[in-house]
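Listed next as structure tokens is one chain, alone, in the form predicted on its own.
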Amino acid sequence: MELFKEMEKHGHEQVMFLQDNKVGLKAVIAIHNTVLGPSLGGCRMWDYDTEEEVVIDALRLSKGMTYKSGISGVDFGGAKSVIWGDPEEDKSEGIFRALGKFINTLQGRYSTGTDVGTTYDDFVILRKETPYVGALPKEYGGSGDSSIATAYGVFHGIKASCKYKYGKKDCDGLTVAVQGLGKVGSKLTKHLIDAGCEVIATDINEEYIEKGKELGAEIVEPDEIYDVDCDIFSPNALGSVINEDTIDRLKCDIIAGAANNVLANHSFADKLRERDILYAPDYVINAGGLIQVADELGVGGYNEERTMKKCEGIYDKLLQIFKIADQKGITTVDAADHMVEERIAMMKAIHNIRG
């Protein structure tokens, strides 16, 4: 990888490589853009196959956080930290304390929280070394489980997608294929079943599968989820699930879920539009967790009612994006990107005003 060229191509400001051999920490922090404010983004832990995969994920995810912040109207930029290791085998107090030390050297330029492979307990440890942590458990003074806000926002995003695609004010009677029954997917599944949806779901984790069954979801094998005849396909696990191997198998009208980087690359946004499949851009629909953490880190501290109200606003934001995409004959991804880029340009101009 030609790292500087990749950073220039996608607009990254800073990439840090972190290592502490004593505790076994190998990590990357990627800061994408801080025009809107100090950067914000969770910490992922995953057992990647190569160093290049670690870097690519950090770059992609951090850029996504800038756009997520931009579309959500919060005054934060985007970043991400990625720990290279097996979250089931390699976690330790030392890894998270060392990471906290490194984050603290940035003096507020970057704040973090949970993501795939990390839990709130990990950040209780990390918080001992730095104050720049969000969504800690309520008993530790934080705003608590951010997957609640994320799932709530995704549910409202699904309702907006149904409104635009079907003219329905709700999703009652529709079939939703839910990929991933983890922290967000299980909560989303409950929202959907309570709203009268039929849910067909999958996961690779047996514990999560049992949770899905208890909620009333029909379970299929992981690879079978792409072949489910449904109204809505909802990816809520890892990214790049819409790719050359899966796109022609989809039997849905809408794609709307909590996963980041759902599309393997931008060309799949064009292919979905060609197939008349409505795509809710991932960083718009899954912004609930960021909205919560931004509220917690903002002036005056966390307010749950205010946060949930902002998550409900994902409904109107998506309707606006869908309308712009149709009017301009562009993909929903392009419509959302343009809105974010206009906000960043506006804030950059404001920063140049001198009193």
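In this text, residue numbers run from 1 along the sequence as written. Small disclaimer: the values here were computed from a predicted structure and weren't measured.
Heads up, the form predicted in complex with a small molecule isn't pictured, but that's what we're talking about next.
The candidate stretches are 69 to 77, 198 to 206, 156 to 164, 272 to 280, and the one lying within 4.5 Å of the small molecule in the predicted bound form by heavy atoms is 198 to 206.
Screening L181, I232, I242, L126 for any heavy atom within 4.5 Å of the small molecule in the predicted bound form leaves a single hit, L181. The single contact residue among L174, L263, A98, A259, judged by any heavy atom lying within 4.5 Å of the small molecule in the predicted bound form, is A259. Though the partner is left out of this view, P222 does reach within 4.5 Å of the small molecule in the predicted bound form, counting heavy atoms only. Under a 4.5 angstroms non-hydrogen atom cutoff, the small molecule in the predicted bound form lacks T189 among its neighbouring residues.
Although the partner is absent here, H32 lies well away from the small molecule in the predicted bound form, with no heavy atom inside 4.5 Å. Among residues of the shown chain, N286 is one whose heavy atoms approach the small molecule to within 4.5 Å in the predicted bound form.
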